[in-house]
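Here's a solo chain for you in structure tokens, the form predicted alone.
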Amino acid sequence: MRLTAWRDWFGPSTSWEQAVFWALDLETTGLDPTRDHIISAAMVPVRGGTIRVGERWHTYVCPPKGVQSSLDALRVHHIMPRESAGAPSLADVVHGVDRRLREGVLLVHFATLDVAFLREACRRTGQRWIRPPVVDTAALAWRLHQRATWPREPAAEPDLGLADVRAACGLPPHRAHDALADAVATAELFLVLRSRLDLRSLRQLV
């Protein structure tokens, strides 16, 4: 974790509106970060409580020679090999992600998977993982569910998929499993969940 993040953790916390959140989504050849590869990445910032679509960033990633998506993954993201041919290398894409995350907070839906892929991508390219503060919209959705059902025991586990949580929050359907559409969808969901949970500082969100 960066020094500024530690300062925020132990000192007066930054207002959420002062922080810059970079919503990120990755499309991959599978779900195992140790075996599979990133083939598309997208990020969009939230500054001052506003999604800055004009600063969006989306790229395909050229996979290692001979690497292809599994059929299951292909059915999900529909990225054909010709689309990633000639795309930037993983090292260049990791550098692009790193440069943006040095500005603020990583915002993802289901942090466990995306962070694992990013950490592995750093390892493969010899770059250092900067351990940014992470806000997970799936975790925020779970907190909202717990708050809504407390003190009763929830009748069933909620569906925490991005599309499911967006629908539960009254947000419109989006083009799922497209990295840029998912990043923007995550940023929109974040703004709704933060408001409903009334979380006002970065410390409350991380």
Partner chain sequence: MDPLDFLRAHAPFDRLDAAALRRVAATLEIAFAPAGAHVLQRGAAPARFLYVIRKGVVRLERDGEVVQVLEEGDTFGFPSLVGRTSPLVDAVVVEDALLYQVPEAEFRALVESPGFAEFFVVSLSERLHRHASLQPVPFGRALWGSLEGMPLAPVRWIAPGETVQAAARLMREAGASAIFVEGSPPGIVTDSDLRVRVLAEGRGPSTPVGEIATRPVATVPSGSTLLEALTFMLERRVHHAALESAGRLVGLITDADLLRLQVQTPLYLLRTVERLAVPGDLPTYGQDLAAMVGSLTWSGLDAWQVGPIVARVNDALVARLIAFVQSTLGPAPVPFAWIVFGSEGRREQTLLADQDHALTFSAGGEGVDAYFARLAREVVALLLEAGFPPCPGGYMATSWRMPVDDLAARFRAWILKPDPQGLVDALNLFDFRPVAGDLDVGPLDDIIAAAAREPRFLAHFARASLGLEPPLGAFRHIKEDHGGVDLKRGGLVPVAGLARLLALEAGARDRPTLARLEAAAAAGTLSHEGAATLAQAFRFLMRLRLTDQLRHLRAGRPLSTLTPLDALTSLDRAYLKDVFVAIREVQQATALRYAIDRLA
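Positions refer to the first chain, counted from 1. Note that the structure is a prediction, hence the values are computed from the model and not measured.
Below: the form predicted together with its partner chain, not depicted.
> Heavy atoms within 4.5 Å of its partner chain in the model of the complex: which of the stretches 157 to 165, 141 to 149, 25 to 33, 174 to 182 has them?
Looking at the partner contacts, the answer comes out as 174 to 182.
> Should residue 51 be counted as a contact of its partner chain in the model of the complex, where contact means heavy atoms within 4.5 Å?
Looking in the model of the complex, residue contacts with its partner chain include residue 51, since a heavy atom lies within 4.5 Å.
> Even though the partner isn't displayed, in the model of the complex is residue 195 close enough to its partner chain, meaning a heavy atom within 4.5 Å?
Residue 195 belongs to the contact set for its partner chain.
> Even though its partner chain is not shown here, does residue 191 get within 4.5 Å of it in the model of the complex, heavy atoms only?
Within the cut-off, so yes.
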